[in-house]
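Okay, so here's just one chain, in structure tokens, the form predicted on its own.
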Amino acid sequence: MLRDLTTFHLGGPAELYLEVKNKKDIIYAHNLAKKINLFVLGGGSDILVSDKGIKGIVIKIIDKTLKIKGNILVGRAGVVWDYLVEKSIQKGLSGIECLSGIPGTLGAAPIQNIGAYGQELADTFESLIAFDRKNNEFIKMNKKDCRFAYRDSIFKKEAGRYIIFEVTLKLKKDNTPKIKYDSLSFYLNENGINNPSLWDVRNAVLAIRKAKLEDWNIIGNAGSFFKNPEISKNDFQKLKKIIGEVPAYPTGNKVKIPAAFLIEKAGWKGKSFKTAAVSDKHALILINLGGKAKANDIKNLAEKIVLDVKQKYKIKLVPEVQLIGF
């Protein structure tokens, strides 16, 4: 059952499940799945899998080879993301320290263009090797090829086409990290850390995540369920007339609003729906209530939140979590 392989602890059976180690295994799985669906499972985070399961083949790349030479990191898709972050800091390399504690694997990181506390994967991404199922070949893709955007990439736009096998990151030899996020700066200042090292930042991020977020090992969840919406400056002024003061972050000619703020303002924080609930720790997290949730209840709760926020604030929330098998 796929529930044993996802951080939501949800998901029915796969028609066929394969663990793959190398390029030959990937080609074998591709050929096997020419007439049926093929889904690549990473660390099982950022997805909600239907209780009906997934028709077709589910593959999981289990190669965890990681090589670090100078400031270049080359890792296979099965590398656990947070392990990679820790190893980079041990080598005195900066650029992904704020991404500490994010669940999942290196192979899944480009799909979401994972990000937190002012950093995102695209900042340090150099290239990757993927199997292009459309053209039946392994190819090398650079940053432009991947079409990275906020929690988005070509791998979401053309879901199912590519199987990421290996990722290369280019970090910096620099033990003086640049802090871009207010809550992270506040935590460091509150703890008397005025000139933080990479380890200081990692430890701070892990502490903040532990205090604010649900531990998926204890309570099933997929982290942030929705993207933070970006709206026009004109719409931002309209929102302020409805709500009053609104936390916001300028992004070019748009304004990014915390989705958690809108969800909490709409009254959803801590509310439950059947076997699902909104975390009372953080409104952006939907949880598997009592470990007995049904995937449809999580999906329906998300839809209710989207509808309510749209009606109240004229903003449509978009899921960051991928819905699989519905």
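Start at 1 with the first residue shown and count on from there. Since the model is a prediction, treat every value here as computed from it, not as a measurement.
Keep in mind that the form predicted together with a small molecule is missing from the display, and what follows is about it.
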| query | finding |
| --- | --- |
| All of 213, 224 and 284 within 4.5 Å of the small molecule in the predicted bound form, heavy atom check | yes |
| Stretch from 296-304, 31-39, 53-61, 257-265 whose residues place a heavy atom within 4.5 Å of the small molecule in the predicted bound form | 257-265 |
| Distance check, residue 249 to the small molecule in the predicted bound form, heavy atom within 4.5 Å | yes |
| Partner proximity in the predicted bound form: residue 228 to the small molecule, non-hydrogen atom cutoff 4.5 Å | yes |
| Residue 117, heavy atom within 4.5 angstroms of the small molecule in the predicted bound form | yes |
| Residue 151, heavy atom within 4.5 angstroms of the small molecule in the predicted bound form | yes |
| Single option in 236, 187, 131, 181 placed near the small molecule in the predicted bound form, where near means a heavy atom within 4.5 Å | 181 |
| Listed residue (209, 87, 147, 170) with a non-hydrogen atom within 4.5 angstroms of the small molecule in the predicted bound form | 209 |
